[in-house]
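Included below are structure tokens for two forms of one protein chain, each presented in isolation as structure 1 and structure 2.
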Structure 1
């Protein structure tokens, strides 16, 4: 079975408030084997909300509506659901009395507007709310279940677990959702999709989703089956073909970021790492040290934005810089070798480049980055060209540097 989630509230359409309820509900539904196929955020507008609910119940067997059950005039979920489902609202005296008693326990008198929360759709089951004044509502009709749930997470979560989950377990056939999660570095999204799409297009189950960030592609495989064994079999069938095509470009099979994977390789090898950064200005070191326990393998680094600092801190020959330029493979190699020599690290990685938006030339346009790597046997450098904003160039440079260290460790 599939589900839709409708989050209600004009504040959710501003940059100041996130809809975290939908994430929680998606996780709960997935645990039941229910796939969330649509999420909608609607402001406090009666006509729009009624239209959205009406469309949802026509196409999806489970519809969860969150928010808009408060006492004020802009809380329009009850009225919108009434219009969408063609059910009148009925006043329930027992609900009103329960709300009055709640206020009395707090030493307060219930405001008249709280009476609005005692209106329930005809035929709806009331979902008790011990943590607030807004009761939820559960409506089933023509094979579709609709739940109206309060917006505050402290009210929604207990209500969903106590009231909605038992009802959903009765309705939902036994299904499980199993996932497999690959992360890939060093490959453009279009090239990756061209390579693996002949595999995943053969399958409607599992479903394949590809997500891209600078230098980091995620492949999600999602199987929905009657048993865990069947789900794992399908994932293995598709995943093994994808793994064979991508090879060592896959750096994670369980979702860890590249800095964590690289750190684990350093730890297992008993190796240490240092960095020498110019164009990234500390971004690489920040990523490495974001991993708890990174002090076991990361010794430190050098920020050498200025050519004089490259010479004084890392020992890069000034004539080398004058001859080749700061953004060059000989200088990047010397930076890495100098950092390794001064710290005693097993590995050192260096970055120098033109992050932009200015500073580029015909031979070294904006986005040119040179990464050096020095290890126990040798030092080398490689030139890359990244496109996009200054932030993207820097992010791609740090990601690529980490991947070079990862590959070197895997090969050593």
Structure 2
């Protein structure tokens, strides 16, 4: 079954704003087995909106209209839908009273202008709005449904879930959705796709979607079936092949970010972690501490943004820096060992590198990053070369450092 989404509001036609409600609605509709076939954004223009609604209703059985239900002259959705569907607007005293009561609860008097929100298309079901003044409307005839919904997400989402989902389930044949959500570190997207596309291309169900961020790839599998067991069987069939190909590069099977997975490993091992960051300037620690409860395993660490700080805060020998350069494996190793010694953490991870755009040399071009890791048994360091902007190099470096800690914990 097909649906169209129409978003109303001139602010959605500016260079800085997109209609993101449609992403939420598309996800909800897809979960019912409904495909979105057209999305339209229209300004606060009565004639144009009426024409768009009319065209949508003629060609598509489910039409969701968001926005334009406010109290001002700019809010034209009620009037446009009335024209498009050929149904007059009727004043409903009980809606007006509900809006008045809402204002009264906030200790205010309803403005006269809000009476506009009490008009409803003839024959429409009113969708209550516990989170705002504008009620929604549901107009259904001959298997075609039009919903008028408020634009603010905090009003739209609860209304859609409470009022539209049950009504849509009546219209649409039932469907079960099962999903699996892998996350993979340490692999470029193109390599990953080359490796696993021969598997997932064989299946149209589950649908496989790959989303890539620097150093972090998400693989979503989404099976649509008539029973849960059938969905799980399909996910297992495709998932087991993907898992066999990717091995321990998969760090999560249920979508948690790497900082959470690594944190859970530390907690489980009763271990603690500290950092010594140069080129990432706090980004690694920021990610680690973005997880609530990270103080159980994260002690803190050192930001050493020049050579003097590497020596004075971490005790890295100035001669070592002079001999090998600040961006070198011996220095990264000494940074990690110094941080571990000064904090007493079980593990210490260090980063030193050239984030760019300046500071590169022939031997150590922009993007060169050395990551050190000191643990209960030994300290070691490894050199990486990341491509791209300063932001991307720093993101890749922090991600790779987290992944090295994860791997060390998985091995030990």
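The term rigid core refers to the most C-alpha atoms you can superpose between the two forms while keeping them within 1.5 Å. Residue numbers count along the first chain shown, from 1. Values in this document were obtained by computation on a predicted structure and should not be read as measured data.
*Asks:* Between the two structures, is it 1 or 2 that corresponds to the form predicted alone?
*Replies:* Answer to the question: structure 1 is the form predicted alone, whereas structure 2 comes from elsewhere.
*Asks:* Checking residue 183 here: with the core superposed, does its CA move 2 Å or more between structure 1 and structure 2?
*Replies:* No; that C-alpha moves by less than 2 Å between structure 1 and structure 2.
*Asks:* On a rigid core superposition, would residue 399 pass a 2 Å threshold for CA movement between structure 1 and structure 2?
*Replies:* Comparing the forms between structure 1 and structure 2, which are aligned on their rigid core, residue 399 does not shift its C-alpha by 2 Å or more.
*Asks:* Two rigid parts, two forms: what's the rotation of the smaller one against the larger between structure 1 and structure 2, in °?
*Replies:* Between the forms, the smaller part turns 27 degrees against the larger.
*Asks:* Taking the rigid core as the frame, how far in Å does the Cα of residue 89 move between structure 1 and structure 2?
*Replies:* Taking the core as reference, the C-alpha of residue 89 is shifted 9.6 Å.
*Asks:* Keeping the rigid core fixed, work out how far the Cα of residue 149 travels between structure 1 and structure 2, to one decimal in Å.
*Replies:* Between its two positions, the C-alpha of residue 149 lies 3.1 Å apart after core fitting.
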